[in-house]
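In the form predicted alone, a lone chain appears below as structure tokens.
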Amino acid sequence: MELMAYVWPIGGGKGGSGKSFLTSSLGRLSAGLGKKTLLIDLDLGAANLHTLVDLPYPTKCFSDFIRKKIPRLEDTVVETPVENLYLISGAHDNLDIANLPYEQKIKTLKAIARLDYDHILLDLGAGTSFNTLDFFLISHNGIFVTTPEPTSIENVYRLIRSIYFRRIRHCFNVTDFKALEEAADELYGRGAVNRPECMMEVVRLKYPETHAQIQDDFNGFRFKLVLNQLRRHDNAGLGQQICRIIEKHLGLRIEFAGNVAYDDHVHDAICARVSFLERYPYTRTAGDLRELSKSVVQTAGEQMLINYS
């Protein structure tokens, strides 16, 4: 699927990690750099991104496209008060949209690929539903968000593992994938099906061409990890440690993009429906967000050099 824009899915394994705040903040910073930026609220059934960009009542939303009330996804886009920043809201989505049928999901993925923006940021739901995994896999980019709490770290670990398994699963029908799981258990013992490196070795032995294709995708992933809401007493090196653990136990490389400091003013800004970055621009948290935004823009620039060299 050829993408016209730099698409950044943003997800976390646990609710409350701050992914919507992070998505809206990165969107504002991208727009502030003159990039035509689109935010898409794909936290299906629990959308709130419109509130963070000061749109109390969007006139149209993602459900209008799904239910064919609006035929093209681009026609559900609404302007925000921020110059260069646009939104596809989920404010009025029906509750049953969380269970998006496969055909509608494929329709959405293809429609996103046709959108003409410099940057597209996808605010995804928490957890490991197939919707979240498939929307994450629309791009080779992606940002995982976790907080320092053990439960949040454990859940983001599961999310990352699930995304890689989902990519492997896409290549096989139900019968063949079941045979791969059985072969992994026979070769590496019970529980091997939960280790991507074991599953990939079985794929290599049985389907070498498919293995090469999947491995190319894995090598092309530019996934990043953000440690959000870091307090003064927390370990500033925790994010790097998490990335090393993921590489050691899953054989997957995730780049640590940085810490974002905890600040009570974030809560105040959200309740007041104002931009945290504008009201508190000199806080450590605002500085962390600006550094993270540079990392995202730099990655996009590197990809442009690769794509057109």
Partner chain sequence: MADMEGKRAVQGKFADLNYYEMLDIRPDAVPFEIRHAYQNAIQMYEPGSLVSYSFFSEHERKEILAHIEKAYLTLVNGKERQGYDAELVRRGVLKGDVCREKADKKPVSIFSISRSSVLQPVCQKKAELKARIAQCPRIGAIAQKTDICGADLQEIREALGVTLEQIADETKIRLDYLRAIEASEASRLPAPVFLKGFVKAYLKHLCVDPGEEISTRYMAALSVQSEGKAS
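Nothing here was measured: the structure is a model prediction, and the numbers come from that model. Residue numbers count along the first chain shown, from 1. Rigid core here is just the name for the largest C-alpha set that superposes within 1.5 Å across the two forms.
We do not show the form predicted together with the partner chain, though everything after this point is about it.
Only one of R67, K36, K60, H249 lies close to the partner chain in the predicted bound form, with a heavy atom inside 4.5 Å, and it is H249.
Among the residues R72, K178, R232, R190, the one placing a heavy atom within 4.5 Å of the partner chain in the predicted bound form is R232. Annotated contacts: H50, E79 and I120 are all free of the partner chain in the predicted bound form [non-hydrogen atom within 4.5 angstroms].
None of 83-91, 130-138, 101-109, 143-151 except one has non-hydrogen atoms within 4.5 angstroms of the partner chain in the predicted bound form; the exception is 143-151. In the predicted bound form, the partner chain stays beyond 4.5 Å of every heavy atom belonging to R273. Although the partner is absent here, A46 lies well away from the partner chain in the predicted bound form, with no heavy atom inside 4.5 Å. Not displayed here, the partner chain is approached by L238 to within 4.5 Å at the level of heavy atoms in the predicted bound form. The shortest heavy atom separation between E197 and the partner chain in the predicted bound form is within 4.5 Å. With the core held fixed between the shown form and the other one, R204 has its Cα displaced by at least 2 Å.
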